[in-house]
Structures are given as C-alpha cells and as structure tokens.
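The chain that follows stands alone, in the form predicted alone, written as structure tokens.
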C-alpha cells in the first residue's frame, strides 16, 4: 500500500470511529445477548435430547478402543500418521502450541490495514491451508478404522488369526508392526524367539499380568497361534 493510500485510510478510519457507537454498552450488550441465546439453546437441547451415555467404564477391559470427540479427530489422525514414539510429543504438544501462539500473536505481526483477502495472499493461503488440513484430517479420523487394527499384510490363511489377536485386545499391551502398546514384549517377530507350542502355552496360562485365554475355542486358539507363529 502506498503511503498516500495508507494516510487516506487512517483518516477515513478515524472519521468513521468518531461517528460510531462506543464499545460499552452497545457491543457488550449484543455479545451478552448472543451468549445468553446460545446458552439457552444448549440447555434446551440437553433437556430435550439428553446426553449420550456409553457403557459403564470397565478398568479391567483389554478390548476397549478409545475414540476422541469429533473436534479432536484431526489430532487423533495426526497421531496415527506420526508413528515414531519420539515424535509423539511434537504432534500432541509442539504443533498445537505453535499454532496457538501464532494465532494469539496475529494482531502483533500482521498490522497491515488491508482487509481484502485477495490482497493478503500469505494470510489467506495460510488460513485456507490450515482449514483444509484440519478438515481432511478430521474426515480421516472420523472414517478411519480402529487404532487397534493390525496394519500388516499376511497370507490369507492367517487372516482369521490376525482378527482374533486384534479383537482379543492384545495390542493394548503388545506391539505388532506399527500399532500397539509397550507394556508387554513386542510380537512383531515373535516367531523368531518363541516356538508355536510355547505361544499356545502362554496364551492359555497368561504369564505375569497377562490375562488367560484358556476359554478360547480350540479352533480360534489354533488360528491365533498360527498367526503369531508366522511373525518372523
């Protein structure tokens, strides 16, 4: 913007500012009325529609699949994309914090008087890219499968065993491929360390804090053992 145009803009702004109404009580009254209206709508919806209640929490369950609220789906999907554990703090703390700080400091480093989005390509591009990225990650997080799924290609004869392992909650403690916990030993290459008979025995007994799966039907137990014994 040329200096003459900037000076003309500032003069026009001061003139309109003097003709306008003060922030208090006019703007405060409007904001307060809208706030009360939104609160009344929320209260009415909660009374009429009620709140969704899930099943009672079971701290002993190993098959529970945590899912965030819809407005955290983008961060949930970001964690699915960023696999290495050492990068998890960057995804959960670093990126959101940096974005929030940049947003809070926006009035200090973007002091240009221009308001036309076309004439502010950097700010407009950054805003559009942010909205598109969050919308895309939110869509992927809403439609993505369970985080306990075993993302590993196996032979067709091992698919049944893979589904049993995923459904039994083994990934709550054991890591297989890119997914899973770290409480128990990693099972990605378990066949190189433990023979099939020992795998079956461990599943039946449940050593240490591992729960016993002796109640599994023999067919499912064999399919589970076949899958685990193929992980070499």
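Worth saying up front: this structure is predicted, and the values here are computed from it rather than measured. Numbering follows the first chain given and starts at 1.
Just so it is clear, the following notes concern the form predicted in complex with ligand HEC, a form of the same protein that is not shown.
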| 4.5 Å heavy atom contact, residue 179 to ligand HEC in the predicted bound form | no
| message | So, residue 184 and ligand HEC: in the predicted bound form, are they within 4.5 Å at any heavy atom pair? | response | yes
| said: Against ligand HEC in the predicted bound form, would residue 209 count as a contact residue? Criterion: heavy atoms within 4.5 Å. | reply: yes
| message | I'd like to check something about residue 175: if you look in the predicted bound form, is any of its heavy atoms closer than or equal to 4.5 Å to a heavy atom of ligand HEC? | response | no
| field | Neighbours of ligand HEC in the predicted bound form among 199 to 232 [non-hydrogen atom within 4.5 angstroms] | value | 199, 202, 203, 207, 208, 209, 210, 211, 213, 224, 228
